[in-house]
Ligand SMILES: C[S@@+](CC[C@H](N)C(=O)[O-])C[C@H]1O[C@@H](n2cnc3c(N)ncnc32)[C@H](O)[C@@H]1O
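This document opens with one chain alone, in structure tokens, the form predicted alone.
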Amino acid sequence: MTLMDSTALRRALADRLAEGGFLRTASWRTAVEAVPRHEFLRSGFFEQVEGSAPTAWRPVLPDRADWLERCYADESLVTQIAGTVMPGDILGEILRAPTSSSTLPSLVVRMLEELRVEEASRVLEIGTGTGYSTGLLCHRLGDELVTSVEVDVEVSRRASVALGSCGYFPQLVVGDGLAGHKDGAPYDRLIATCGVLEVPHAWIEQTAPGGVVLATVCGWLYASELARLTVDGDGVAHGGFLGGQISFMLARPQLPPSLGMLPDLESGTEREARLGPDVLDDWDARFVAQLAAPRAQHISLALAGATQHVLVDVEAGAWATLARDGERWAVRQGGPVPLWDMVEDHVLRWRADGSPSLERFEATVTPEAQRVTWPKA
């Protein structure tokens, strides 16, 4: 397949996105058909090595026969590993964690549709990445209405080159996206292509009254949901979650810290657990648990021939470990706060209220805090 086929590939991608219900309006379809995703992937991407454990990645470069077609698949494509490593930097495989990617087009388009832009909407994008979604915004609204912030200098530079090659010249800013870009405020719409533990109030401050903030709320248990918030005139935003188990890489300043040396798991106090660790296997329940302990990390350890599930909040110095004790689960906890007590209280209260779906939750962001609630039974 040659580059001459990219027009057909873009149209086929638009067809698939429309059939899947992600692409709903003619204006965004025109953008998808016009903006060449492959131009934003000229440096190549990484593919996961099937069956590898831990996960290994290998480069896919433009000289590979299936590169162009892969650029128009509805999949996220990893474009950077370990903060600096690009596909052309290695031969063979790499075992480090991804740090930048081109998000799967169906999610990109769904979010742009959910942003509900109007013809003159001024948009602030948090997380330029490859620049593909920035290009779609530029095509839909015009360069002068689009500002995009990226924390990584080299990622921003490559996005600038790709955007320019397509004829788009938005304002690109290198900086901490969690702070937004107040020099261009107020914006009518703000869209974040990274996960956040809490929606920064700076985003609310920089959005005009009646404007929309679209962001993925996550935690270190990695259940995340897409929130759409409407900003009022008092520095407060209200809204809810749109469902669909949305996942994004966390904003780099909010990545979890290293666990370091684990605490003495034989210390603390033990009791019978009201909930076992299997509660974290369910996406909705894990999201609820995460509301109680957004900075808890979960690992499994094989100790003395048995599996122990460990939650650690490094910043708080709190931990909990769950182990099977016959037909029941026992929990042992230590530190300044009872981590598993908080998780159990939250999840059991949610269940007592009928386990409402996440789409029924409500989120409020004030200058002081983010609050997420659900309807009572």
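Note that the structure is predicted; figures quoted are calculated from it, not measured. Note that residue numbering begins at 1 and tracks the sequence as displayed.
Keep in mind that the form predicted in complex with this ligand is missing from the display, and what follows is about it.
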Proximity to this ligand in the model of the complex, single hit among 90, 250, 166, 185 (heavy atom within 4.5 Å): 250
Selected contact from 78, 151, 214, 280, since only one has a non-hydrogen atom within 4.5 angstroms of this ligand in the model of the complex: 151
Residue stretch of 115-123, 223-231, 238-246, 142-150 approaching this ligand in the model of the complex, non-hydrogen atom distance within 4.5 Å: 142-150
4.5 Å heavy atom contact, residue 175 to this ligand in the model of the complex: yes
Partner proximity in the model of the complex: residue 171 to this ligand, non-hydrogen atom cutoff 4.5 Å: no
4.5 Å heavy atom contact, residue 100 to this ligand in the model of the complex: yes
Any non-hydrogen atom of residue 219 within 4.5 angstroms of this ligand in the model of the complex: no
Neighbours of this ligand in the model of the complex among 117-149 [non-hydrogen atom within 4.5 angstroms]: 125, 126, 127, 128, 129, 130, 131, 132, 133, 149
